[in-house]
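The data below hold one chain only, encoded as structure tokens and taken in the form predicted on its own.
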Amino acid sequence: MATMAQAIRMALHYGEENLGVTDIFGEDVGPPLGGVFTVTQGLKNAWNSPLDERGIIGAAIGLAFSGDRCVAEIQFADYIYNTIDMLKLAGNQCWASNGQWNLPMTVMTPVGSGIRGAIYHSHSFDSMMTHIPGWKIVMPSNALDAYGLMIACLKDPNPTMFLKPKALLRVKGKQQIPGEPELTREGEKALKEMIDAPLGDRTKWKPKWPAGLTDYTVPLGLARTVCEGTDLTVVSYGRTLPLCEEAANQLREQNEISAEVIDLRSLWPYDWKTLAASIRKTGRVLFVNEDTEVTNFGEHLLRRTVEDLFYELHARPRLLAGTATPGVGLADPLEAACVPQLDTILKAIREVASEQS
């Protein structure tokens, strides 16, 4: 079973071979490291850039303007903030040119908590990114979706932002990626030997990519119903999605609450049709993510819920998000207090399910 990091790597390899990806670059993206989280290990078009986030985004814009399809990585989302003006310029080119100019570029960056990264390596970027028009934005919660969403990004003619939840990059998928070895321990070991660089000297190492990789694509803007329920809807993405699924399973097994869990997958465009249908069915909704609660993307979804579905709600819609603090704490208790955890999600689900209109 591939991890999310391996899944993204295989998708990028497929992009090199079949989708015209000519450059994959960023800090430590090329050999020998292949990215801080090994997402670009073994890719033939991967190269190391200077430690310069503005230079990385600027180079991606230039390559895309020339017609080259490229993938640029910002090593951690915490350091993408000094490129906001450039991201805005990239996002408005197609609109400003009335569709005449395309920028086939993908920017990927690790986001969120979960690795004890403290104040310099734990920030979220989803809410901030959704404030920049002209980009398609995705955040997967599992390996198969990571593969399919990356393929979709690589096919898009305009800028795409691939947000990698760093806490999930080492998590193994439960579903087989088309072309990867079979879902057994032997298959898992075989994949590791094929595409994971060995420790120590890597100068002569070359990956042996699975031959059957396909263009399996998760369409941008299509949510996934993870589990069905009748009492309330829980909408999430990225790191908090598996926690929401676990909470829903616990409550269902206890015959306490039947929660329907939806994985948004794409933040823009997003699948309002699926969300609205579920909220109409259950009459209650909880939005969960780990970005700071003030001007959170979940607040937009909550506002639209109130405007479109107010008279069909049985309780107030609720947002559970990260605390409005300048950073995320280093110590385990501090990090846990800054972002939603399983216990806080369970508590929020119970509160929304029990509230009477």
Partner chain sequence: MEASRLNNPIKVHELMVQARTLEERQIRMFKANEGYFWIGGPGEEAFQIPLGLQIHKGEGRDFDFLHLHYRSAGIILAMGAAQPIDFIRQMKNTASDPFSGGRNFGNHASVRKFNIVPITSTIETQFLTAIGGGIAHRRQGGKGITITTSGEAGTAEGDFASALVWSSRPKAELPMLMIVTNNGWGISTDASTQHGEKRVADRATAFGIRNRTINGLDVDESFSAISEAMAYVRTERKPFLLEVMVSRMYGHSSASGGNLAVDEADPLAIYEKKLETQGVMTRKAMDEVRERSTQEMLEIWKKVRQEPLPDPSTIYDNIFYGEKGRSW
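Numbering follows the first chain given and starts at 1. Model, not experiment: these values are computed from the prediction.
Although it is not shown, the form predicted in complex with its partner chain is what the next lines describe.
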For this chain shown on its own, do 42, 44 and 179 all sit within 4.5 Å of its partner chain in the predicted complex, going by heavy atoms? no
Non-hydrogen atom contact residue 48 with its partner chain in the predicted complex at 4.5 angstroms: yes
Taking heavy atoms only, is residue 85 within 4.5 angstroms of its partner chain in the predicted complex? yes
Non-hydrogen atom contact residue 157 with its partner chain in the predicted complex at 4.5 angstroms: yes
Residue 218 versus its partner chain, in the predicted complex: is there a non-hydrogen atom within 4.5 Å? no
Give me the residue from 319, 313, 33, 61 that has a heavy atom within 4.5 Å of its partner chain in the predicted complex. 61
In this chain shown alone, the residue from 207, 229, 134, 210 with a heavy atom within 4.5 Å of its partner chain in the predicted complex is 134
Want to guess which of 276-284, 119-127, 90-98, 184-192 is within 4.5 Å of its partner chain in the predicted complex, heavy atoms only? 90-98
Along 54-83, which positions have a non-hydrogen atom within 4.5 Å of its partner chain in the predicted complex? 54, 55, 56, 58, 59, 61, 62, 63, 65, 66, 67, 68
